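A single chain, nothing else alongside it, follows as structure tokens in the form predicted on its own.
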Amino acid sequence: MDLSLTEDQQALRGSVAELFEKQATPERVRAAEAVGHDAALWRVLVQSGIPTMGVAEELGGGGATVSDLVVVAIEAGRRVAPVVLPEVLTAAALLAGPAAGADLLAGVGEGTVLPTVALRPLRDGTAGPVAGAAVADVVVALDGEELVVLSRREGVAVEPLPDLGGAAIAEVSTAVWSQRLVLATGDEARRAHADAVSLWRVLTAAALEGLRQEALRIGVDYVKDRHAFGVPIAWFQTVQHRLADLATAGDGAELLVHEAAWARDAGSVKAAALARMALLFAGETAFATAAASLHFHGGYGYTLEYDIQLYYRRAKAWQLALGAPRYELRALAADLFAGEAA
């Protein structure tokens, strides 16, 4: 198992890093916070083929591996790009499976359809708050025994919910999202949805890893500039040791994210468990790093003028899309120890 980036992936990282650096500036991130989506940035991503890059070439996509998608998600997370990228990539993967999703998938590639995915199955006609639903045209969801595409009647709008993570969250209810297209039924539907949620875990973990890397850079740069008692606070051992611990933990998180992507590409039986591990650990290290960097800023860190608060809020919010981490930990234990005696 070689987790290092290939030459093609290094080139991909360079190009998407340049794209997000230019198109997802802190000013544009702030400007998009009310809704959580920058339409101009999304058009650029569509023109670059990113929304469907994980779809097979014969279906009109880019044929990228999950490892390739992780490279893109890391760079998007590094700039906290105001687009719902993991959800769109996951929804595109679901639409690529059944023939019924072909027209919608073509719309995703053309930029006329913006999809998202409900991570939890519908209950009593609602999936609760769904990331991306405030700006999405369609929502792919598991409704009982059916995997369905939900859309709104023309002229029906949705209200975005207040969200600290900039994820364009809105309630999804069949009372509003009343038009439906069935993609699959029965075991096929359940398997497809579960596999898609596992893919979402890997991509969200990658976005959190990119966020962590940039939050660490922001913290390191600040402690070099901020002075106390006549010297930069970077000279203080307690600051140095904290940053060293965060960097070490972050290296582990980065490797785990790439391993989870490799496991999906290789068809490993450990793929589902590794996806959970990656999301849990990447979320933990991202929040710890953002929190420490904000703390090093002192009271300034909480003010809107400083970029670190953009990272701190998203590090907390992104990992909660599936609920509290304790639920993922319980599910991970079930994955790892199923069938073993208590």
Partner chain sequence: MDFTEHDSLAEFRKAATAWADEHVDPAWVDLEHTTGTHHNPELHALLGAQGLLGAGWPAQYGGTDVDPAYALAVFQEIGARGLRMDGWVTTEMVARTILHVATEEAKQEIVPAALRGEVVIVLGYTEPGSGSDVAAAKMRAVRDGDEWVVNGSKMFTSTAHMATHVFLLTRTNTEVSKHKGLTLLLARLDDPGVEVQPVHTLGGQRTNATFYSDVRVPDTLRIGDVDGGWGVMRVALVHERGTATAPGGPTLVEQVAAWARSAPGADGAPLLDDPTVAEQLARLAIDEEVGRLLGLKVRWVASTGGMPGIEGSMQKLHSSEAEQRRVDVLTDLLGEQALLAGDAGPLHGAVEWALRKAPVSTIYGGSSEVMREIVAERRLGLPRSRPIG
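Owing to the predicted nature of the structure, the values given are computational and were not obtained by experimental measurement. Numbering follows the first chain given and starts at 1.
If you look for the form predicted in complex with its partner chain, you will not find it shown, but the lines that follow are about it.
None of the heavy atoms of residue 11 is located within 4.5 Å of its partner chain in the predicted bound form. Interface residue remark: residue 162 is counted as part of the site for its partner chain in the predicted bound form, having a heavy atom within 4.5 Å. In the predicted bound form, residue 102 stays away from its partner chain, with no heavy atom inside 4.5 Å. Its partner chain in the predicted bound form is approached by residue 251, whose closest heavy atom lies within 4.5 angstroms of it. With the partner omitted from this view, the residue of 264, 193, 79, 258 that lies near its partner chain in the predicted bound form is 258 [heavy atom within 4.5 Å].
In summary, the region of this chain contacting its partner chain in the predicted bound form, judged by heavy atoms within 4.5 Å and restricted to 197 to 205, 180 to 188, 215 to 223, 106 to 114, corresponds to 215 to 223. Although its partner chain is not shown here, in the predicted bound form the stretch 308 to 335 places heavy atoms of 309, 312, 313, 316, 317, 320, 321, 323, 324, 325, 326, 327, 329, 330, 332, 333 within 4.5 Å of it, in sequence order.
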